[in-house]
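Quick heads-up: it's one chain on its own, the form predicted on its own, in structure tokens.
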Amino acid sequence: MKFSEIESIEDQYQVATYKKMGIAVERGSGSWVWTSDGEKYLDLYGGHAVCATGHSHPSVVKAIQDQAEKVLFYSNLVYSETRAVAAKKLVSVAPSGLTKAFFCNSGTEANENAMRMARMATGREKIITFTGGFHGRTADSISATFLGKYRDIGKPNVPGHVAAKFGNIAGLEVIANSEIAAIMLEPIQSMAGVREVEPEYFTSLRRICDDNGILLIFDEVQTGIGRTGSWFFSGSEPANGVVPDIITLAKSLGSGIPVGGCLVSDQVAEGIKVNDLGTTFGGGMLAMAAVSATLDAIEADDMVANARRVEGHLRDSLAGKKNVIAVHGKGCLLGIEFDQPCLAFHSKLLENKIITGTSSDPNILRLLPPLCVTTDEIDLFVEVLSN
């Protein structure tokens, strides 16, 4: 089917969501996708940080195929070897102290359940989140989102959400009290323009939470599963070794199969009783097969270390380049700050068959490539950007 026909049908029958690029992706391999018109594009956006292992990684595809021939789905009302293996594998790569997994379907659902668990564990209702943070589009998550227009889209908002300025510890200490159940944040604010804080900030966060009986939640929907050059931002050097009480995950977790999850401490898990949480599709066999295969592929192909190599190579390649002010982020979650709006660079790259992303900061172009992206592929990006 030609692109013009695909475009016409989608526009006629699908409710509007995002502003779409003028291509229809038909297939992919590694860091590359091919369109309905047979054109090949370098994908440095990864379907919005989803395709961690690259497009259609052979071992992930095989795991999904093998599972589909056995059983596509059964709910959490039964035990499952596939789910057991996925849970054990995920916990095995988690930071020390996070010993239990809860599986759901998406990042916003993971964040909703994390906040619910925090409220159950503390008996409190209020949640502190940060300006510039994005946590999803369902009711509680969008109410926790203090970025641009998103919270207004979710009106009427769920009560009990308190905003703090990202990076301002003094301001946070004023509002962190015995009414707060949890402090939740993206450790790197991706949509806000790949905004970061110093490692010491996380030490202060942990202290404030411990002093006030507050749970600490890291929304690692984008930073998790190897993207920032370690399995998780939590516990890493950029986090000053700080481990939260709950990590939320999605995006890269299933290589494109919809799946979300939470990693929680024993203390949090012990307070959760049967029927406190529920999900029909969460933990389904097809998704669990994808989770295990994704984690195995990242490990086998040394993709976490590759994310660090790619970051270093990009930083070196862009040093001193015209119009580039700075490179923000870690691993394969990077923001290139220009001295002018980045939309012209985004368009130029797309014209040259390279897919990238923008952000709520008009001057920052985002790169969220597969973790298997090569330095040669980064060189193609830099060459187009420089010409």
Ligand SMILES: Cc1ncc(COP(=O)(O)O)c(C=O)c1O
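Residue indices: 1-based, along the sequence shown. Here the structure is a predicted model, which is why all the values come from computation and not from measurement.
In what follows, reference is made to the form predicted in complex with this ligand, a form of this protein that is not presented.
Look at 128-136, 313-321, 82-90, 202-210: in the model of the complex, residues with non-hydrogen atoms within 4.5 angstroms of this ligand sit in 128-136. In summary, among the residues 113, 106, 143, 236, the only one with a non-hydrogen atom within 4.5 Å of this ligand in the model of the complex is 106. When this ligand is considered in the model of the complex, residue 186 lines it closely, a heavy atom lying within 4.5 Å. A residue is said to contact a partner when one of its heavy atoms sits within 4.5 Å of a partner heavy atom; residue 222 meets this definition for this ligand in the model of the complex.
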